[in-house]
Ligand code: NAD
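A lone chain, given as structure tokens: the form predicted on its own.
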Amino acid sequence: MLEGKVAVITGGTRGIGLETVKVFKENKAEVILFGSKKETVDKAIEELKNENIKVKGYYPNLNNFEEIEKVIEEIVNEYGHIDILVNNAGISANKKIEDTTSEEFSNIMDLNVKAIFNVTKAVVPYMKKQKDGVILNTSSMVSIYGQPSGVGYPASKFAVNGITKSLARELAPSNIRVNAVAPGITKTDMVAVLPKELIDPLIKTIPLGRIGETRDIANAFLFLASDFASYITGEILSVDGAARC
């Protein structure tokens, strides 16, 4: 589905991002993953190599536009083009507002929102030049319903939705599609270690009767990245088993 395409995936060293790397590679894309630091990038590349999957990795500071711009230029020089950008890097939060510092709130907004702006800004000129491209953002079910605590996280994901819908309109004349995937409760590393007594009540809130797998989310990214979604832009695709907070 992605043969001949070059994809950059941020937050690609674990969880949903790593699974998306695998799914894109299975569908014949060239994939470059971004991680937060050299150690995690090297570990992910080694894991993928053990599965006979070859990718390249970088670890730029996503809050440093000049650093990102340099890496994106390097990728284009090597591969000739970037067709797909998946902005997946992000952090969550669950503290009550009175326990959340201003610095913690800023850190969430920096990685979940500013990083999307920076990487997208660096990639868009190349996509405009080729008059083709797909930008995909990781949102969340809490961008629709909010959550009981950790206000910074849903605030950042509401912003992701706003970026997605606005850039879809701005970039459509250049044939660049912009969409987001809003996962529900998904079996990432963080969720997998939660005790059964905490998970079981969560499953009861999901009409499909199970927690999402990372492949469920990666497949949604695959669909939106492919030509099967060539007339879809500005959408926030919920992948949550019809769950409601």
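Since this is a predicted model, take the numbers as computed values, not measurements. One rule holds for the numbers: they count along the sequence shown, beginning at 1. Basically, rigid core = biggest C-alpha set you can superpose within 1.5 Å across the two forms.
One more form of this protein should be noted, the form predicted together with the ligand, which is absent from this view; the next part is about it.
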| query | finding |
| --- | --- |
| Listed residue (Ile185, Leu48, Ala29, Ala220) with a non-hydrogen atom within 4.5 angstroms of the ligand in the model of the complex | Ile185 |
| Option from 123-131, 150-158, 68-76, 98-106 whose residues, in the model of the complex, bring a heavy atom within 4.5 Å of the ligand | 150-158 |
| Any non-hydrogen atom of Ile16 within 4.5 angstroms of the ligand in the model of the complex | yes |
| Residue contact check: Leu111 to the ligand in the model of the complex, 4.5 Å heavy atom | yes |
| Contact label in the model of the complex: Asn118 to the ligand, heavy atom within 4.5 Å | no |
| Close approach of Ser36 to the ligand in the model of the complex, 4.5 Å, heavy atom | yes |
| Partner contacts in the model of the complex for 82-105 (non-hydrogen atom within 4.5 angstroms of the ligand) | Asn88, Ala89, Gly90, Ile91 |
| Core-superposed comparison between the shown form and the other one, Ile206 Cα displacement 2 Å or beyond | no |
